[in-house]
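Only one chain comes next, encoded as structure tokens, the form predicted alone.
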Amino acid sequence: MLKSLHIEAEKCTGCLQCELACSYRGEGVFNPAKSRIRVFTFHDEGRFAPYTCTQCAEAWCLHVCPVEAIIDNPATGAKEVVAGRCVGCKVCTIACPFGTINYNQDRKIVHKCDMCGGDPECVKSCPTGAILFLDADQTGLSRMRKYAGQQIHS
């Protein structure tokens, strides 16, 4: 059974614990700029929304990589960057329609969410339960449409 990250933005307080945990796991430093998950702030509304790679079924990042540095991990469903193959061309950052692949200036390669190998630090660190790791069939388009409809009618 594949699992995926599910975000319940209404529960997010903007504490950035997810960003800190992610940057520590991925880069060994507490630095939100090096995180693979981001918290978007809606300043005018006082709302926050974590976002990260959605692990697209037809991942454009994977298909455009000229050196095949992004692979599909069949065990987790994550699209993972193979650091030893990445040449830092950033083509994948352009191809991603969600802007969830970032260039790591220190390492001269890109990085993106790999779901921590199936044990996401962002989920474990979120004090409000805004980030969940669920059966992939429990997330998806119907839930997004429901949330979008609530925002339009609010």
Partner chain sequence: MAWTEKILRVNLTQGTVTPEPLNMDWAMQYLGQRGLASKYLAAEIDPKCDPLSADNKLIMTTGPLTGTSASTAGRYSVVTKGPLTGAIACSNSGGFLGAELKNAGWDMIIFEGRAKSPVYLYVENETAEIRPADALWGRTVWETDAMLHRKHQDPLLRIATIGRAAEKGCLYAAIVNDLHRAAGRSGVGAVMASKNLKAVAVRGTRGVGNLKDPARFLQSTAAAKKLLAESGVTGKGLPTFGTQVLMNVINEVGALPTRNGSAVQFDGARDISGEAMREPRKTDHRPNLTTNAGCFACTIACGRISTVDRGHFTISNKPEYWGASGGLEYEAAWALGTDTGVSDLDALTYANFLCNEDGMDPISFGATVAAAMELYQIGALTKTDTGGLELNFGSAEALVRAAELTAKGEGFGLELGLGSKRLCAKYGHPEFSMTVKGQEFPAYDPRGIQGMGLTYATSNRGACHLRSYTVSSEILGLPVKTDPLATEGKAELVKTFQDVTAAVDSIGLCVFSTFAWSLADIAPQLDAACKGEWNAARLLEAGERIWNLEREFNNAAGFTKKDDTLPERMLKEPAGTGPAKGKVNNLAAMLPEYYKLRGWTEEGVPTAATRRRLGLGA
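Numbering follows the first chain given and starts at 1. Computed from a predicted model, the values in this text were never measured in an experiment.
Below, we turn to the form predicted in complex with its partner chain, even though it does not appear here.
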Given that its partner chain is not shown alongside this chain, does P127 nevertheless sit within 4.5 Å of it in the predicted bound form, heavy atom to heavy atom?
yes
Evaluate F133 for contact with its partner chain in the predicted bound form, applying a 4.5 angstroms cut-off between non-hydrogen atoms, and reply yes or no.
no
Any non-hydrogen atom of F98 within 4.5 angstroms of its partner chain in the predicted bound form
no
Any chance H111 has a heavy atom within 4.5 Å of its partner chain in the predicted bound form?
no
Every residue of V29, R38 and R47 near its partner chain in the predicted bound form, heavy atom within 4.5 Å:
yes
Given a 4.5 Å cut-off on heavy atoms, tell me which of 66 to 74, 81 to 89, 49 to 57, 29 to 37 is the interface stretch with its partner chain in the predicted bound form.
29 to 37
Check each residue of 1 to 32 against its partner chain in the predicted bound form and list those with a heavy atom within 4.5 Å, in sequence order.
T13, G14, C15, L16, Q17, L20, Y24, V29, F30, N31, P32
